[in-house]
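Next comes just one chain, in structure tokens: the form predicted alone.
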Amino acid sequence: MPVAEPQDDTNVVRYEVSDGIAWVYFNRPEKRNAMNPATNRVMTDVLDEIEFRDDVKVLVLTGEGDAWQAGMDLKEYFRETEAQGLRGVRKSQRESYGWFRRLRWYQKPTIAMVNGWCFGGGFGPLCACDLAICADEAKFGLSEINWGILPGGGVTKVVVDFMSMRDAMYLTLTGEAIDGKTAAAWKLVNESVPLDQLKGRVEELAKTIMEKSPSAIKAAKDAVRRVKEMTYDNAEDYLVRAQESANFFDNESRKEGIKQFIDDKSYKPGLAAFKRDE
């Protein structure tokens, strides 16, 4: 696919929908897709546009060119924004962290398809996605320490949540980059594959998810994020109530799945998903 050259602020993010998948692209390849205030504003609009479309079952977030997301645009964030004072800084923070938070609780399942560089602030949307598949050739790093600051904006929380303490410390304190295979071994992503196999693997994963009940997928992904911060007793209570809600108020998928398993004997839950009418 040819690299698109952004001409103005409106196309710093682009998307296309095909076979149930919304492919959303960071689209500043000449800046290695570094986030600027325009990216944050347009991304919010894009998420709004596709969240409840019936033809979108899975969102895949990726990047144009040789980068996924190279972090914050230093010129626009750390010079131009700071020149506006605290008011400007807080505004830019709301815009960026707002769509990260939105992505964490998105209605549709989300996959980060990391095709290249992922640095600094890019860890925010990376870990906001439900799943992440990267290229072996991808590069991940927290370079903030190299220019005199700590990884802020939730990034330090991200690496501690997803990685071991030793690996989080190494990435944070050295400023060194790791490749895709190491990122997978350190559990920053689910898996790493050669770049020429990346899109095919993501499509395969998306199709697997699309076979499931959309309401069950939404409830399950929210539950995983919620219970991570809970005690066992609190998590148990939350999950019991969530299951009750699914059983009594959104029951059609559950009833059909049980019918196909018990009555029709047409599938086995441990091996596949039940057949859903589109």
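Residue positions are given as counts along the sequence shown, with the first one as 1. The model shown is predicted, which means the values in this text are computed figures rather than measured ones.
Absent from the display: the form predicted in complex with ligand ACO. The rest refers to it.
**Student:** With heavy atoms only and a cut-off of 4.5 Å, decide whether G71 touches ligand ACO in the predicted complex.
**Tutor:** Yes, G71 lies within 4.5 Å of ligand ACO in the predicted complex.
**Student:** Report whether the minimum heavy atom distance between K57 and ligand ACO in the predicted complex is within 4.5 Å.
**Tutor:** K57: no, not in contact with ligand ACO in the predicted complex.
**Student:** Residue-level question: is G121 within 4.5 Å of ligand ACO in the predicted complex, judged on heavy atoms?
**Tutor:** Close contact exists here: in the predicted complex, G121 approaches ligand ACO to within 4.5 Å, heavy atoms only.
**Student:** Even though ligand ACO is not shown here, does D167 get within 4.5 Å of it in the predicted complex, heavy atoms only?
**Tutor:** Contact with ligand ACO, no.
**Student:** Only one of K91, K75, R101, K207 gets a heavy atom within 4.5 Å of ligand ACO in the predicted complex. Which one?
**Tutor:** The option sitting close enough to the partner is K75.
**Student:** Go through S143, Q107, T156, Q197 and name the one with a heavy atom inside 4.5 Å of ligand ACO in the predicted complex.
**Tutor:** None of the other options qualify; the answer is S143.
**Student:** Would you point out which of 207-215, 47-55, 229-237, 25-33 contains residues with a non-hydrogen atom within 4.5 Å of ligand ACO in the predicted complex?
**Tutor:** The contacting stretch here is 25-33.
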